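The chain below stands alone, shown as structure tokens; this is the form predicted on its own.
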């Protein structure tokens, strides 16, 4: 039997001995961050712990069905009151966009390359396809029973962070965990329908408009999508309705990578996606971003006029590098 990581054992012991916990994750939460938070919160509550869930942004509408989601508080700052702060899926503490966490006993659980190890205990496993994998292992180590609600939250975490089981970081461990979650009561088809087939007509119109304006670069190997505030306003959508749109051009065989540019006030949020061995994380990091090989992102507070061209050049270079490897 494989020996458990020392960090996981330390975290298990801290969670067993503590009484009051605050669990948070990154701003603009996604399926992995929310599913991981909610699953761990229920597990700790079942152990008799007091748990508070705090995020800087509310859950997107598509995740409102997740068991326990109404318990998530939206706040920009937190006061004292927890023995331990558990931060999930954040490469840096600032990514929570929640102030007041500094100086506390922080447990940092993440699967992203480039994590800054800001916690008192840091369990960073870059081989995990989702933070939900690590939370599953932690819940198992705590000895908490997998309820249907815990299993559903963890399944959503894995389903969404693997791009519906399409990303390259999937392993046999991923499918074994999902088998265990199915045994615990997850209705995989129903969950997928709630996540992917429950959008608004506005989202459908927005998707059509974004794809209609798609531009191809690097002889069709790089697709560039752009969204501004006017497009969101005209279709009655918000930024949450864009989730998943960046992956759509990859359905074309010739498209190897995608750049999604989204206006955010005076800044620019950029999502990057790719196929196979094309490493878009290496594009994001010099801009202060991060992520995984096939899925990364970054924010540029004051974009220069040539930022689009620079991103296209770097992504095209990543595509070329993978072809020559």
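Positions refer to the first chain, counted from 1. Keep in mind that what you see is a predicted model, and the values were worked out from it rather than measured.
Absent from the display: the form predicted in complex with a small molecule. The rest refers to it.
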- 41, 259, 54, 295: which sits within 4.5 Å of the small molecule in the model of the complex by any heavy atom? 295
- Note on the structure: Contact with the small molecule in the model of the complex, heavy atom within 4.5 Å, among 48, 70, 265, 288 goes to 288
- Query: the small molecule in the model of the complex: within 4.5 Å of a heavy atom of each of 62, 207 and 235?
  - Reply: no
- With heavy atoms only and a cut-off of 4.5 Å, decide whether residue 95 touches the small molecule in the model of the complex. yes
- Flag residue 112 as yes or no: does it have a non-hydrogen atom within 4.5 angstroms of any non-hydrogen atom of the small molecule in the model of the complex? yes
